[in-house]
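One chain comes next, on its own, written as structure tokens: the form predicted alone.
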Amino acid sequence: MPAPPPDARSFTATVSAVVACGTDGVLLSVRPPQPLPPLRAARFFMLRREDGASPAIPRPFSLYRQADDELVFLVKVTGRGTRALAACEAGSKLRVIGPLGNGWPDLDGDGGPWVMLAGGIGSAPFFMAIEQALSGLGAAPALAAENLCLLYGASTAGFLYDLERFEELGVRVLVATDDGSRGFRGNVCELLEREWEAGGLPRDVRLLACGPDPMLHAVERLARARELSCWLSLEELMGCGVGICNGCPVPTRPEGPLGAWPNAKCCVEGPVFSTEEISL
């Protein structure tokens, strides 16, 4: 039976800053009681205010950045739980559970370039992934910037959260918006097709994707059609984050490595899955 990771903890953290980001987002910085060791990109935490302003069930958030002894989360304000977090002031106390889940695979140089496809708030697990790949933090040696490319899409420019900070990382960043307000007019899959046709990217790329469900379905179809290695970071609703409530099932591929059971638990076996393991 899948279990929570051994380093997961429940603790009270202190909010150090809340900074507006994009049209409807904030960067929420929290300070744990003790600094955490470096964490793999795409792992997540469950967050809830301790003063009763949040719903009783914490909400899951991918770790956006790990800066010194602080954890930074990119939060899109959509409902009661995220409104409560965005309204925090410095010094507020949060219940934090984590780190949870797994993260991206090691971004090695033993294959085609890594192309990261982000949709809106789905950019959250990619900042640390790029940082770690460039610095060699993890099992794989450091990658040159030309082996990494971020394709960042949103419905409109205001939902391209923290775009300038991504551009400062030094890798190639290409932007797409549905309304044409920034970059290519269209979605990230169409932008990837354009880059292939123009020779801007080789055909044998490896894909990482995070974003809304329709985008992830499209990326999965594209990866299967072109026989590309692909990993998806899923945005499933979670009740507990530790595998108890069974509220985040993901269908497995019968012939894949998780196929002995019809569903995987996104919170403990994900949120990152290879398309060899699951089928949306």
Partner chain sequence: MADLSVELASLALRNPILSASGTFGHGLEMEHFSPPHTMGGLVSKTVTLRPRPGNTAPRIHETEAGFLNSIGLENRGIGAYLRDVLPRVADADTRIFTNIGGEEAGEFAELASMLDERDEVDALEVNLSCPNVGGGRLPFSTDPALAERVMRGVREATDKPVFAKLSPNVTRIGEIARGAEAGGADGVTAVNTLLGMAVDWRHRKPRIASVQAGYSGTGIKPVALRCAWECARAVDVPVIGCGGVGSAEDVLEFVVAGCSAVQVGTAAFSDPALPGTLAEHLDDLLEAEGVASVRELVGSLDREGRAPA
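Quick caveat, the model's predicted, so the values are computed rather than measured. Positions refer to the first chain, counted from 1.
The same protein has a further form, the form predicted in complex with the partner chain, not shown here; the description that follows concerns it.
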Q. Looking at the partner chain in the predicted complex, is some heavy atom of each of 2, 240 and 247 within 4.5 Å of it?
A. yes
Here the chain appears without its partner; judged in the predicted complex, the stretch of 66-74, 48-56, 225-233, 210-218 with heavy atoms within 4.5 Å of the partner chain is 48-56
In this chain shown alone, the residue from 97, 134, 205, 191 with a heavy atom within 4.5 Å of the partner chain in the predicted complex is 97
Do residue 8 and the partner chain share at least one heavy atom pair within 4.5 Å in the predicted complex? yes
Wondering, does residue 257 line up within 4.5 Å of the partner chain in the predicted complex on heavy atoms? no
Close approach of residue 16 to the partner chain in the predicted complex, 4.5 Å, heavy atom: no
Quiz prompt | Contact test in the predicted complex: residue 23 vs the partner chain, heavy atoms, 4.5 Å | solution = no
Applying a 4.5 angstroms cut-off on non-hydrogen atoms, the residues of 99-126 near the partner chain in the predicted complex are none
